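Below you will find one chain, with nothing else, as structure tokens; this is the form predicted on its own, and questions on how it binds or moves follow later.
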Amino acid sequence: MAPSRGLLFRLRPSIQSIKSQCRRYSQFVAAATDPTLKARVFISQTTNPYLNLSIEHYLLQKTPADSTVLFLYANSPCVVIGRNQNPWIEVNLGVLRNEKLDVKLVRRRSGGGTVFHDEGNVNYSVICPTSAFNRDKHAEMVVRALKSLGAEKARVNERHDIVMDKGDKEGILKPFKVSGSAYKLTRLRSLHHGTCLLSSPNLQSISKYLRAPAKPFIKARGVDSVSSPITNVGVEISKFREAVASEFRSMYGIRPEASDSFLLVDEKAREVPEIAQGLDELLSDDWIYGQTPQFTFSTENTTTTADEPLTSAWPTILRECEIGFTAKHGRLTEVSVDFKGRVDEPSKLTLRKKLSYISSGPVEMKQMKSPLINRELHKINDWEEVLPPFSGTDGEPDVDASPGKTMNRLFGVGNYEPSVYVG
């Protein structure tokens, strides 16, 4: 999304003067690595979330160690999880994969929690010397920009998030989150980035993407997100960009006439070899799913609690069926199923071939080599091919008691209507 005319007037005489000097990737590299520029602003014209994060990572790695950089960008609809998070805990993958909005799943390189991006957000990233890093300094910079646009109640809270105090549905004044933050620190360079909700058209539907139906059944390492009430600030994107750039310029003494300190970045950035390599990594399943810390899934001893109500996540008719597995880097290392006599003999034989361990009633079967062992979880496209339905009272399969369909819903596969994946 292009900056406003007012911002470009400050950055350079006109947008035409910027475009007339249209810099190919080699010129972008020269600008990013120029040791004479101690502060600079880059503004992305692409909404590709994978490319924007790859550009950001390049700036972290390649800008001079004593420089400070502001990078502003907006993304097309996507859910962005932190480096050490579990997508099956954080994201309703069935809704994400089957809704018409075409929301992408992205794993960033920094830590922190899961966020939703669309063109109604602006993402700001500040890269600075690690010796000068402070978790609140640049959040306060963004708050000053918001206040200059009339958002007087914006402030940084104790979690380093930006919130606005406003009345809830009952009229009670409470903080609503408008921007979260995540960080990546290296020996010489540190990155602080956040996304500011300005005018997201998807504000009311964000939660459905972030309610993972499998979460109550998973015990995991890694970082869980902390949910907070959110709201749009209600300011124009172009004005926000201009205000943040202005605050950054004031903080770091960039003169208005210093046109070389500002640069528009577009799709040509993918031609930079390091950015292309980073883009390939972010797009890979090995990164998106394979970076997931080890976790276990189990339906055994799952009880309804106030914090994690199971509701219909595991239907009552299936409660006597116990399914469990351990996954490391997204691959299944152990699998167990106990149908307690509710499958017929042919199905047992099939299960013996497909599962590492199965018991039916009091007799425990021997562990055996299984096609599921070492399978990548995200590549299991239909659990109904693995898990047969329960036998009914007449000995025939009970189509309403399908562990496979329930597993499909929990793990976001099966290509059902989006409503099927919402508990």
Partner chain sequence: MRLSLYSRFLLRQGNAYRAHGFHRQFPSRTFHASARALVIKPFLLADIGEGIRECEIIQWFVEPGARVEEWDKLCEVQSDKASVEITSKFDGVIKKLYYEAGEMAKVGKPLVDIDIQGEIKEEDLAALTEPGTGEETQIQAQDQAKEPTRAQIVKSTQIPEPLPTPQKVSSPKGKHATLATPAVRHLTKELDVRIEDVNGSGRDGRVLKDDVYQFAKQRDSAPAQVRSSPATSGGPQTETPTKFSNTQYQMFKSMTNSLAIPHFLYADEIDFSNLSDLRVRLNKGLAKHPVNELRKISFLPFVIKAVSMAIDRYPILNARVDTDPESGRPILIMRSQHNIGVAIDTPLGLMVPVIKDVSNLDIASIAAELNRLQSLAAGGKLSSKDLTGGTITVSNIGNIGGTYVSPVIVEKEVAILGMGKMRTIPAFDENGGVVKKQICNFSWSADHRVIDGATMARAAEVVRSFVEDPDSMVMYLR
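Positions refer to the first chain, counted from 1. Note that the coordinates shown come from a computational prediction; the quantities given were computed from them, not determined experimentally.
Below, we refer to the form predicted in complex with its partner chain, which is not included among the displayed structures.
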**OP:** Answer with yes or no whether S110 is in contact with its partner chain in the predicted complex, where contact means some heavy atom within 4.5 Å.
**Re:** yes
Subject >> Touches its partner chain in the predicted complex: K184 (any heavy atom, 4.5 Å) >> reply: yes
Subject >> 4.5 Å heavy atom contact, Q277 and its partner chain in the predicted complex >> reply: yes
**OP:** May I ask you to state whether K174 is within 4.5 Å of its partner chain in the predicted complex, using heavy atom distances?
**Re:** no
Subject >> Triple contact flag R135, W287 and P293 to its partner chain in the predicted complex, non-hydrogen atom at 4.5 angstroms >> reply: yes
Original post:
Among 80 to 88, 240 to 248, 139 to 147, 263 to 271, which stretch has residues whose heavy atoms lie within 4.5 Å of its partner chain in the predicted complex?
Top reply: 80 to 88
**OP:** Could you work out which of K219, R255, K166, R159 is the residue within 4.5 angstroms of its partner chain in the predicted complex, going by heavy atoms?
**Re:** R159
Original post:
Considering its partner chain in the predicted complex, which of E119, E281, E322, E236 comes within 4.5 Å of it through any heavy atom?
Top reply: E281
